[in-house]
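Just one chain is shown here, as structure tokens, and it is the form predicted on its own.
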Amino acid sequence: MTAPTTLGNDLLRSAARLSRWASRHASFDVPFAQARLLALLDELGPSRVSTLAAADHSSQPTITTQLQRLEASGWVHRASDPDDARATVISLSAEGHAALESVRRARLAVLSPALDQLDGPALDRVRVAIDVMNELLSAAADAPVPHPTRKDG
């Protein structure tokens, strides 16, 4: 493996492990799959089911089932798509934002004791790492991303 490949794999693995660890140890009432979909809606904004399915690498029926659960909880709204009256867009409701924030607070609560154990220089490195990750996300958002392992492209 090349150095950038190894570095990229290490970065993705560490970020995913930290996220899974926080979710596994946190106590929240929102099922994880629904919390993930709430976070996706928060990131993407109002979206069609097909957009959410593609972004989550899920089928439309799977996303539709999850959205029905979110809707039953009052966490999302459906509205006509302004670009196509035959379609609908899904958006977070105020209750959905609140549910997502409760999940985020619970995950932070389990991570905070570990952060509290870090000294000043280590916290500075964490801040720098966050800045670099945000730069990577911005650069990735601007670059076309091939999906060589996906069947649709």
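One-based numbering along the sequence shown. This one's a predicted model, so the numbers in the text were calculated from it and none came from an experiment.
The protein also exists as the form predicted in complex with the DNA; that form is not presented, and the subsequent description refers to it.
Student: Please determine, with the chain shown alone, which of 116-124, 51-59, 38-46, 94-102 has non-hydrogen atoms within 4.5 Å of the DNA in the predicted bound form.
Tutor: In short, 51-59.
Student: Contact between Ala87 and the DNA in the predicted bound form at 4.5 Å, heavy atoms?
Tutor: Result yes; Ala87 sits at the interface with the DNA in the predicted bound form.
Student: Considering non-hydrogen atoms and a 4.5 Å limit, does the DNA approach Arg17 in the predicted bound form?
Tutor: No, no contact at 4.5 Å.
Student: With the cut-off set at 4.5 Å between non-hydrogen atoms, does Ala33 touch the DNA in the predicted bound form?
Tutor: Ala33: contacts the DNA in the predicted bound form.
Student: Taking the DNA as it sits in the predicted bound form, is Ser112 in contact with it (heavy atom to heavy atom, 4.5 Å or less)?
Tutor: Because no heavy atom of Ser112 falls inside 4.5 Å of the DNA in the predicted bound form, the answer is no.
Student: Going by heavy atoms, what in 60-74 lies within 4.5 angstroms of the DNA in the predicted bound form?
Tutor: Those in contact are Gln60, Pro61, Thr62, Thr64, Thr65, Gln66, Gln68, Arg69.
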